[in-house]
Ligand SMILES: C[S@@+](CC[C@H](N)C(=O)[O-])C[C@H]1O[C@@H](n2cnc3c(N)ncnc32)[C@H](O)[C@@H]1O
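A single chain comes next, written as structure tokens; it is the form predicted alone.
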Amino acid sequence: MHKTLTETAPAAALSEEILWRDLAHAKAGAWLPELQQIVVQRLERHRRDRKCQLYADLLASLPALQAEHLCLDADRVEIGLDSQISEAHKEELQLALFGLRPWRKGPFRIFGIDLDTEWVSWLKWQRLQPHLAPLRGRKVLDVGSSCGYYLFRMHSQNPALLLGLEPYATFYYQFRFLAALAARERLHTLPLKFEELPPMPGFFDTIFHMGVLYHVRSPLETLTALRNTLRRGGELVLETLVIPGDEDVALTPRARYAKMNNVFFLPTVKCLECWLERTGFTHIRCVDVTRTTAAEQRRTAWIQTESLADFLHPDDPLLTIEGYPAPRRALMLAQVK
């Protein structure tokens, strides 16, 4: 779609009214007022947080732009055209995007600016998409949604609701910026962890939980809570780090794994299947196991931190720097009984 650039509210503006309207249209339950209170309290904390305020001020200072050219169902998500924006505004956008680093998930092209993110996220999406239940008309939750790359990719399937959860301020404000430019309906992210949600029994049809499970201290409790948040027959899309092997075992790193100090359990695929069975899931299947390489995760100008090459053993790329099996990720699908 090629149209002209239009003006809208500042990019940092969060339309909470639209969020609550969309949840009400999606037949939210008695938990909605509690969720509203939790979100209001969290945003109030953001207003008192120096880092969050810097992000909010950065976005509020940008020109009020809304892109009417969108290409969301593409490997590189496109928002806006180079020809729709002045050189001065483009320079402002470039500086703002750099100010929101690190950009983990993507890539994007924003008004002609190529945002080469750390992860080449379309590789995972290509591995996963053919196996997903159709998202049309579904209420979808994406836990750990980062800047929203996968939410944007899902939007073209016309789900009833897309809701991300992203507790890290940098990634949350990245999403707010992109979402304001794209101005899509029924697309939101909350600055919360999954564990901070009130009980929402059976509300979602599909839950994506990718790159999160190895960060939780009690994976069985988390899987049980995910099952309770899905409707009967709903689909869980689970992606997590695994270790090779055919036994029902899991690795618990002593201190760090690939320099991360918050990795608690890395199961085998067979162990992961057992966890899903024990927490009430059925039709469990592993659709992909892929070892992470520099073709998918690498340092770019859009991150100012270390990346995969820094996490691997210098003498053996099949090991982490600590000597554990190098990162490999399994994609699992399962349904609620």
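Numbers for residues come from their place in the sequence shown, where the first is 1. Source: prediction; values computed, not measured.
If you look for the form predicted together with the ligand, you will not find it shown, but the lines that follow are about it.
- The ligand in the predicted bound form comes within 4.5 Å of a heavy atom belonging to Y214.
- Heavy atoms of W122 never reach within 4.5 Å of the ligand in the predicted bound form, leaving it off the interface.
- When contacts are judged by a 4.5 Å heavy atom cut-off, V143 counts as touching the ligand in the predicted bound form.
- For the chain shown alone, R176 is not a contact residue for the ligand in the predicted bound form, no non-hydrogen atom being within 4.5 angstroms.
- Of the candidate stretches 77-85, 129-137, 162-170, 248-256, only 162-170 has residues whose heavy atoms lie within 4.5 Å of the ligand in the predicted bound form.
- Looking at the ligand in the predicted bound form, residues Y150, L192 and M210 each place a heavy atom within 4.5 Å of it.
- Residue in contact with the ligand in the predicted bound form (any heavy atom within 4.5 Å), chosen from R186, R109, R227, K105: K105.
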